[in-house]
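The form predicted on its own is given below as one chain in structure tokens.
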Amino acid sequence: MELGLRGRVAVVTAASRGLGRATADALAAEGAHLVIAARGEEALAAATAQLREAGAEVVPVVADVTDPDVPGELVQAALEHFGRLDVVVANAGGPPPGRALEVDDERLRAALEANLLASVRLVRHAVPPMTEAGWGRICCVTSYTIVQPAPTLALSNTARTALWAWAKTAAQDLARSGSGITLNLACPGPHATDRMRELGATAGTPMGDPGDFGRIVTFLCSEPAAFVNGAALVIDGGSTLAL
């Protein structure tokens, strides 16, 4: 299937490892040019080198997406280096575990900054150039916990569900505007990443392939997905129980 992404320009955050890196790999495989961001300079440099070896054009940006100035800087980097912006994948590392009655205000605010506001800001900055071009694909990475909250992940449950509600509302606004922009959510369950190992997943835990996740996100950002808007696609191997 031709996804229509060759020569398109994508911004991917938290792209040095895990699901963000897998998404960057999948977009690059379809011929997209990339602006990738992450906090760790060494890991980002390694990811950039490997993507370039595979033939991708890549601009790395060492940045913390919780800084309110960073989303605008990432969009500007795409416009300055490539002259356009077509795709945004708003991703961020998950907050630490904790039970609902145990997390304090400081940790809750930090989770909302990383897993809600950083994505909202990036979308806001991306929409004007996409609207001008008449085409755009935005995918926010949340979690399967928007459907079935995990008892020990109160921070993630709260922030990611808030992003879901905001993105569903924004998708309706974009559809009514006739901008040619779609906004969807990818909601992963356990995948074989460092994040899952940090949360204590064992070798026997059923987990998805990050590469498959990246390819699913890439489809949501493709030409054929033009009528997929406001969707929250749960990618969890069927582990959630909701219909």
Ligand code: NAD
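These figures come from a predicted structure and were not determined experimentally. Note that residue numbering begins at 1 and tracks the sequence as displayed.
From this point on, the text means the form predicted together with the ligand, which you will not see here.
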| Contact test, all of R84, G136 and T218, partner the ligand in the predicted complex, heavy atom 4.5 Å | no
| message | Looking at 48-56, 176-184, 24-32, 65-73, which stretch has residues with any non-hydrogen atom within 4.5 Å of the ligand in the predicted complex? | response | 65-73
| Hey, in the predicted complex, does G189 get a heavy atom within 4.5 angstroms of the ligand? | yes
| V141: heavy atom within 4.5 Å of the ligand in the predicted complex? | yes
| query | in the predicted complex, does S222 have a heavy atom within 4.5 Å of the ligand? | reply | no
| request: State yes or no: in the predicted complex, is some non-hydrogen atom of D194 no more than 4.5 angstroms from a non-hydrogen atom of the ligand? | output: yes
| For the stretch 32-58, which residues lie within 4.5 Å of the ligand in the predicted complex by non-hydrogen atom distance? | A38, R39
